[in-house]
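In structure tokens, the next block holds one chain alone, the form predicted on its own.
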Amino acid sequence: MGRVVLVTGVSRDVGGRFARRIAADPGVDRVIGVDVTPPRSDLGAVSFIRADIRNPVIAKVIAGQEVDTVVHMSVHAAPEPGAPVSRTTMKDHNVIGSMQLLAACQKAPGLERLVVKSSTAVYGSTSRDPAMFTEDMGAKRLPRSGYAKDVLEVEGYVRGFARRRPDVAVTMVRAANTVGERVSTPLTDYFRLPVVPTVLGYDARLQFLHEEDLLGVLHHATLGGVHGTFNVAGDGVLMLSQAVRRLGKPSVPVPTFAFSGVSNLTRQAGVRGLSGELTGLLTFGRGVDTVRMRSVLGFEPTYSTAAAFAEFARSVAPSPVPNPWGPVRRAPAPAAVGTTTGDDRG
């Protein structure tokens, strides 16, 4: 008998793709996808159950389906494009939903593994940050609101669950900013703007994770059952200025004090919140150490940070606004595997 896996958040693209991928693995017997709304795409062999993880009924789903592995992918940075969901509703879904799911997992005697998709956003972005955050470090300034605060709270509940259920292998995947043709997040929305605003006087260091590597590490963690928290990112870093040049788009440096006005304009242009936490990332950047990802989790990303962003850049429509610096040569497709220092001399 193979594993019986329950995946939350399957109505979103990445959740649905992961559910289909893990269902095709010969080591998995059944996959149950759970979400509050039906998925728009076909889930194939995945059994879909319409359920809200904020409702205690999720415990009946886990028990009734004899689930031994739960993959929690339902903590989101922003609502889907066009969805009229308030920040309060998002927080309720992220935090209260995770609490209810963990309570249900605690009552499930047959549960063996829990995989939680987290984010490097828990480290924040400040001028006091180290060059690279390890998993044992905390944020220099704790987030007071937004997605980062949600993720921080969820991680706290997950650690509490791990203490109460030491028999369950709990894997927390702190994923760097994910990019790809099908990825839609506040950061990818920002890069898709016709003119990219930057913070005057700063050039943030950024790390990226290709969407296929995100699916790959979750797949690996689901079958591996390795206990622990792991930073996951492509090798190397890119400066924000390098990323913008590789997109071939004009940029406009904006003083820090004027960024709130830019936020209002970008929201009208379709960016789902150039929030304080995103502004912090675009100002100070963030770097994470991935040694534990390789040495303990045993995962190696296929794409480096530069390669992941190059793939994303090729999917971004050119800007209708002329670049004042002239045409920009797009970076050639780099080798999928390898390390990059982020050096950009073109």
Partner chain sequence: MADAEVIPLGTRGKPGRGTGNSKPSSAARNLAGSGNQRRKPPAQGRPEQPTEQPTDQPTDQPTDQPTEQPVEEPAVQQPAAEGRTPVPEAEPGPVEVRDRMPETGIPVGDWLQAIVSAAVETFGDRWEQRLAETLAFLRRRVTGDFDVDEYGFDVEVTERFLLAAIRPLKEKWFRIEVRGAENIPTDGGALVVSNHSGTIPLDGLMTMLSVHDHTGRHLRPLGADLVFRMPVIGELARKGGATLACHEDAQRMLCGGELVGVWPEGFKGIGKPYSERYKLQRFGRGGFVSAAIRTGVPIVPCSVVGAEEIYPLVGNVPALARLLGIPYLPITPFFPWLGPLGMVPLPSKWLIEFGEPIRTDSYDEGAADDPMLVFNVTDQVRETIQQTLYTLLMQRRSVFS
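Residue numbers count along the first chain shown, from 1. Remember, predicted model here, so these are calculated numbers, not experimental data.
Just so it is clear, the following notes concern the form predicted in complex with the partner chain, a form of the same protein that is not shown.
Contact residue in the predicted complex, chosen from 153, 189, 211, 129 - any heavy atom within 4.5 Å of the partner chain: By the 4.5 Å criterion, the partner-contacting residue is 129.
Considering non-hydrogen atoms and a 4.5 Å limit, which listed residue (215, 99, 200, 139) is close to the partner chain in the predicted complex? Partner contact (heavy atom, 4.5 Å) among the options: 200.
Can we say 157, 167 and 220 each have a non-hydrogen atom within 4.5 Å of the partner chain in the predicted complex? No: no residue has a heavy atom within 4.5 Å of the partner.
Please check if residue 239 has a heavy atom lying within 4.5 Å of any heavy atom of the partner chain in the predicted complex. Yes, residue 239 is a contact residue.
Is residue 245 close enough to touch the partner chain in the predicted complex, meaning at least one heavy atom pair within 4.5 Å? Yes.
Does residue 52 make contact with the partner chain in the predicted complex, using a 4.5 Å heavy atom cut-off? Heavy-atom contact with the partner chain at 4.5 Å: absent for residue 52.
Is residue 300 close enough to touch the partner chain in the predicted complex, meaning at least one heavy atom pair within 4.5 Å? Output for residue 300 is no: heavy atoms all beyond 4.5 Å of the partner chain.
Looking at 66-74, 308-316, 28-36, 282-290, which one sits within 4.5 Å of the partner chain in the predicted complex if you count heavy atoms only? Only one stretch qualifies here: 282-290.
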